[in-house]
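This document starts with one chain, in the form predicted alone, laid out as structure tokens.
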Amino acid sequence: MKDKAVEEIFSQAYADERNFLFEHEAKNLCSLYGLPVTKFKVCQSEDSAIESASKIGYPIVLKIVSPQVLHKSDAGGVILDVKDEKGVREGYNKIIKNVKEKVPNAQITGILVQEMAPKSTEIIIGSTRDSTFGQTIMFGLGGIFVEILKDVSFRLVPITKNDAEEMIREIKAYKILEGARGMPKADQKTLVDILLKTSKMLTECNEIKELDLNPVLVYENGAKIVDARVILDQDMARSINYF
């Protein structure tokens, strides 16, 4: 059974007539299921962004929050590796200027101030509801690997610990996770935990039509979900009385 805080995230999106969650909402959802997301705060002013950046710790990332801007980079709505207060102030205004120029009708809800996780091996964990088989879960290497090699494994949810371990070992590039060719050895125990918690979230949240956790940066100890995307199922919402 879903927690009330989980239901409130979906309720707000449906009340706003959105078929998606904002990134910060998707990360809030993930954190409610114990998933390791980067630290973040949505801010409505430069001063608030500076205060949040100081609390999160530099370097940080700035991202636009707007219902009309789903592809943030295309609209100039992302600035990486911001190192100080001056950079936050300049970046905050630059993002707003870029978005207003490229998406004139955009309603700007705020700027997301986010921890910039150190670089490491990129993982993708995703899901799509199949019309025949139901909710699926996917695991693979992120970045160019998923785009070019399409090196991923799938299961139906819910999955077991054994399923999660098999999914990780099944990908062709598994040796990279083992530390091949000088790559850092990945914390596979944490990856198993992320897969199991994601499976639980997908099992309990029929509102989720599509899910992308990409990239998930995995380290020798731990991992960080850098970006999260959730597309909602409108028909499912009607069936469970959100409307």
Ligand code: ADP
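The model shown is predicted, which means the values in this text are computed figures rather than measured ones. The numbering used is simple: start at 1 and walk along the sequence shown.
Keep in mind the form predicted in complex with the named molecule is missing from the figure; the text below concerns it.
**Q** Wondering, does V226 line up within 4.5 Å of the named molecule in the predicted complex on heavy atoms?
**A** Contact with the named molecule, yes.
**Q** Is the gap between Q114 and the named molecule in the predicted complex 4.5 Å or less for some heavy atom pair?
**A** Yes, contact at 4.5 Å.
**Q** Should L70 be classed as touching the named molecule in the predicted complex when contacts are defined as heavy atoms within 4.5 Å?
**A** Yes, L70 is a contact residue.
**Q** How about E122 - does it come within 4.5 Å of the named molecule in the predicted complex, if we only consider non-hydrogen atoms?
**A** It does: once the named molecule is placed as it appears in the predicted complex, E122 has a heavy atom within 4.5 Å of it.
**Q** Just to be sure I understand the contacts: of T38, N206, S52, S66, which is the one whose heavy atoms reach within 4.5 angstroms of the named molecule in the predicted complex?
**A** Spelling it out, the residue with a heavy atom inside the cut-off is T38.
**Q** Within 4.5 Å of the named molecule in the predicted complex, heavy atoms considered, which of L217, L191, I176, C30?
**A** Spelling it out, the residue with a heavy atom inside the cut-off is L217.
**Q** Could you tell me which stretch in 163-171, 127-135, 74-82, 94-102 has residues with non-hydrogen atoms within 4.5 Å of the named molecule in the predicted complex?
**A** Stretch 74-82 is the one.
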